[in-house]
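One protein chain, two forms: both are listed below as structure tokens, the first as structure 1 and the second as structure 2.
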Structure 1
Amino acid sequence: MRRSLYHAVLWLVALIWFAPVAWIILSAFKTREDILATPPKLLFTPTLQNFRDLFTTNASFVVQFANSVVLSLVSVVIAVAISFLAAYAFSRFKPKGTDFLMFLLLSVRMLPGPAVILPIYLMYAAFGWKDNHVALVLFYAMFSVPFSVWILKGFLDGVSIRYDETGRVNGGSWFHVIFRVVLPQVKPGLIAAFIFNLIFVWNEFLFNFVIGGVQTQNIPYALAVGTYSDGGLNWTFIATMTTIYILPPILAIYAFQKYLLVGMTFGTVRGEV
């Protein structure tokens, strides 16, 4: 009895915390009249009209959504791949200046966004790289590297060097040792780095806004500059779009809850919740 009361309290806390998000999701199923109704309607006849409108009347939404998907997927794949190689070198060979470089990498991530992007903006403007998918992907990849290197180095340090040595002694090539022997053992680290950078780039708006443009615009950029305000904000549209857009990250933390802690702390704290 006490036990179920305790669980009920926990559920209540979780639901209260989630309430604002639930309010967004509910609003997506309301008509324009219902969404602006006073007093707010908790009970209403749900409609899918908003979702239909989103895909039919607004061609730019589909493009922006596709941009979000492409930019985050491609850049994070590149970042995790090259970060794994670097983390392997840092962990196994400890070249001179490892600590310093790890520090520099991290301090990029600790800098406020506008300070990071300001010189990049000038560089991109000078070379005519603005509003270009490749240029944006490269920047996002660079920005995802520090995080990934930190997470992966932590995991690689936890894999005994004996594996590498055994592999080498038995005549395995470096390629074999790195990708066949060591890589499978740091899979959790790869997943954590992948998911967290993916969520970051997915949610990112400033960099896209500053060095991107009409062609590379993602959804957060569109939201931030108020593309969808036809004289006052179009709330049904925003609620619907937001609902679709926040669903993937929420599903990701459900599916990958084990990796939440690793990801959120640059791999400096490990363990499960």
Structure 2
Amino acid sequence: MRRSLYHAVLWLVALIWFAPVAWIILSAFKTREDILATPPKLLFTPTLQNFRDLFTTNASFVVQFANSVVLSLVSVVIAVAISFLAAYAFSRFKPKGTDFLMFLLLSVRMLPGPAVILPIYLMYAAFGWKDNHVALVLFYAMFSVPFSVWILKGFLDGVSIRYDETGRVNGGSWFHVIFRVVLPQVKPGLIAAFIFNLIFVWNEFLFNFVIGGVQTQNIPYALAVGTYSDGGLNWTFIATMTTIYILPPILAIYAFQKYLLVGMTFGTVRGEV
């Protein structure tokens, strides 16, 4: 009885938290009149017209969605690759001032966006990097490195250095030790860092709005500038674009949820393996 009650409470909490998301998804299949109906309609005739309008009347949507995918995936892959090597150096070689450098990395990452947007904008404008995919990818990668280093260092600290020593004694190169011996053991950490940073870049608006441009617009930018039309809120546009927008991260989190759970606890509650 207690176990059933416990699971019922968990389901209730989950449904309460999911209710706004479910309402947005349902609204994507409603007409404007159904969305604004009072009292709200739970039973309605679904329509796909909102999705047709999004792809036909909003010609830039496909480009904006592609920009979100490219900027997120490429920048996070670069960040995770760099962070793994940096975390390996911090974990294995422990250079002088490691603790201070780790603190410095995290403190820089904790700076609020509005505090750094002006110097970054001036730098990008001076070098002619505005509205440039490569420049924006490098910026997002730079912004994702500190958090990834912290996650991966915790994982690497939990992997015994004896693996490295055994590989070296048996004639393995550093490349072999790092990428063939150690890397497979921290795969959950790599996936956790990838997903966490992917969500950040996927949802990022401020820097894309300021140092981006027409060619690099992402979905948050499109939501911000397309919210109002015909003298009011365009609820069908908001609901439809949001529904498409939230699907990729939901699917990614669902597919890798076991790695995310491990990533949030590894290195904090266990020792070497």
Partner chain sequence: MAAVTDPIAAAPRRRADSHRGLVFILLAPVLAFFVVFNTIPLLWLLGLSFHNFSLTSGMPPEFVGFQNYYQLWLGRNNFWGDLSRTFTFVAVGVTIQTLLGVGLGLLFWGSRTMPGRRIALTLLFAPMVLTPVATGTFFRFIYDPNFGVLNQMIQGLGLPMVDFLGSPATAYWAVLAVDCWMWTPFMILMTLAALGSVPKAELEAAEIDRLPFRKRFTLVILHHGKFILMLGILLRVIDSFKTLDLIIPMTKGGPGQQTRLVAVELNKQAFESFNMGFSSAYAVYLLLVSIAMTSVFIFVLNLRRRRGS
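By rigid core we mean the largest C-alpha set that fits within 1.5 Å across both forms. Numbering for residues begins at 1 and runs along the sequence of structure 1. This structure is a prediction, so every number in the text was calculated from the model and none was measured.
Notebook entry, point to check: Where's the form predicted on its own, in 1 or in 2?
Noted result: Looking at both, the form predicted on its own is number 2.
Note to self: So that I can tell if I25 moves, could you say whether its C-alpha shifts by at least 2 Å between structure 1 and structure 2 after the core superposition?
What the structure shows: Moves: no, less than 2 Å.
Next item on the list: Using the rigid core as the frame, report the C-alpha movement of Y254 between structure 1 and structure 2, one decimal, in Å.
Entry: Comparing between structure 1 and structure 2 after core fitting, Y254 shifts 2.4 Å at its C-alpha.
Next item on the list: Look at the Cα of Y6 between structure 1 and structure 2 with the rigid core superposed and state its shift in Å.
Entry: Reported C-alpha shift between structure 1 and structure 2: 4.1 Å at Y6.
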